[in-house]
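What follows is a single chain, given as structure tokens, in the form predicted on its own.
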């Protein structure tokens, strides 16, 4: 049984009615994944979120030789999840509105489903060059632009297919997963403690968020109680990570609006936060979290609060300058509008969702670590455009400073690690609110207490899917600004 959820076993015939009932009550589907609990058995798990402060519900459905009914037409947020399951687990979904492969690029021919534990490690995946899926677009004046996968600067690999007329974008298709690393499969066979090293490297700019969600999934499976001091220090690390990510975001957004001084200052402020990370011994806050707490104690000195105060003053001045720069605001306002209904249906999360009026944040709604002891204010906007997304992040920076200063004034003493030994076939769900949104880890252990299956739902996986709906009917000149305003990462999506 998966800890941190209310579990139900459903038959194939019960899936669609259960989904309909959940949505009718105001809930939403968070993710789905497939796995192989036995040598021949296959199972699909669905994670449902009934609403804020209500326990997550896990539906489990065994798969024999039949297909599963697609829920994507009713719950579009599951569309990419179902396609991922088809690609990696070989489980077909009947009636899927867009049934072509997602993870496996055209021409990939695995000898068996890649997540099947029996897949021979020594055998590479055969590949034959084929034309990738693309929509049929008619019209002699319509231009087609395949942009990428190699892009300027140090951008991650991805290809974006534009169909446009003049400057007007008629259709847009993102092609990701060029460097899919099979991270979820790499967890198989690892110990719980070694798994956190891998989790920290799924997305370099989200090391704490990934490690925290993973550790909490393991701790749930083990029924492990983390010491209070470790829970509070985990919050400090998570908010430091949120702070430097948001400052990087503003530097990049300033760059796309041609504010080179604004870009440089944002990156400088980001660097100052990373220098504060010296208190942990790692610029990317790695190698501290472990199932059960922390590997070792850290001792924030009194100067840390003073340094955060000085930094906050400079950050506020920087954000104020941006917010009063006419050329910057002109490019953001009304760019990339995502309305509330689309954000809800398509599974938006994090600042992207909150900028469209969705009042959700798992720090508050499903409190973890020490967030239950703090008042987490959740900024909201309703315009759903690039400016609203920037305003939400600016306000979240203010919240992060307040949380860290409050934490440093009340940090408890005590141990920072408890024993955390997985039992045979234990399972657990963990989550964290990363700088980009809600991040989930589901872990399944085998009979020897080793990891059998780890599922990751990253916020960028969700938000890349949503992003495409803000590009259609926009214009080419605003594309870079719109993409920057979403704050997406490709590594976090590709896994």
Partner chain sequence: MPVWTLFGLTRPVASTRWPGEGGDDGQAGVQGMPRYHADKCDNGCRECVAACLPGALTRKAGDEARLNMDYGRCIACQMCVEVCPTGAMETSRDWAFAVRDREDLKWQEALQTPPAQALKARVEGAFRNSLYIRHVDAGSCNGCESELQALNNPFYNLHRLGIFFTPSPRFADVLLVTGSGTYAMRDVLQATYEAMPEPKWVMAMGTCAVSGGIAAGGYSSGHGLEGVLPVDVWLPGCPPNPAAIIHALLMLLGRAPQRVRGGRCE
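Everything numeric here is computed off the predicted structure, so don't read it as measured data. Residue numbers count along the first chain shown, from 1.
Missing here is the form predicted together with the partner chain; even so, the following discussion is about that form.
Q: Going by heavy atom distances of 4.5 angstroms or less, which of 98, 133, 267, 168 would be at the interface with the partner chain in the predicted bound form?
A: Only one listed residue qualifies here, and that residue is 267.
Q: Taking the partner chain in the predicted bound form as the reference, which of 342, 125, 402, 305 has a non-hydrogen atom within 4.5 Å?
A: Of the candidates 342, 125, 402, 305, 125 is the one lying within 4.5 Å of the partner chain in the predicted bound form.
Q: Residue 310: heavy atom within 4.5 Å of the partner chain in the predicted bound form?
A: Result no; residue 310 lies far from the partner chain in the predicted bound form.
Q: In the predicted bound form, does residue 491 come within 4.5 Å of the partner chain, counting heavy atoms only?
A: Contact with the partner chain, yes.
Q: Indicate whether the partner chain has at least one heavy atom within 4.5 Å of a heavy atom of residue 175 in the predicted bound form.
A: Close contact is absent here: in the predicted bound form, residue 175 is far from the partner chain, nothing within 4.5 Å, heavy atoms only.
Q: Since only the chain is shown here, I'm wondering whether residue 181 would be in contact with the partner chain in the predicted bound form (any heavy atom pair within 4.5 Å).
A: Output for residue 181 is yes: heavy atoms within 4.5 Å of the partner chain.
Q: Heavy atoms, 4.5 Å, the partner chain in the predicted bound form: which of 275-283, 373-381, 419-427, 389-397 makes the cut? Say which one.
A: Only one stretch qualifies here: 275-283.
Q: Check for me whether the partner chain, as it appears in the predicted bound form, comes within 4.5 angstroms of all of 88, 203 and 287 - heavy atoms only.
A: Every listed residue reaches the partner chain in the predicted bound form, so yes.
Q: At 4.5 Å, heavy atom to heavy atom, what parts of 105-119 sit next to the partner chain in the predicted bound form? List them in sequence order, or say none.
A: The stretch touches the partner through 105, 108, 114, 119.
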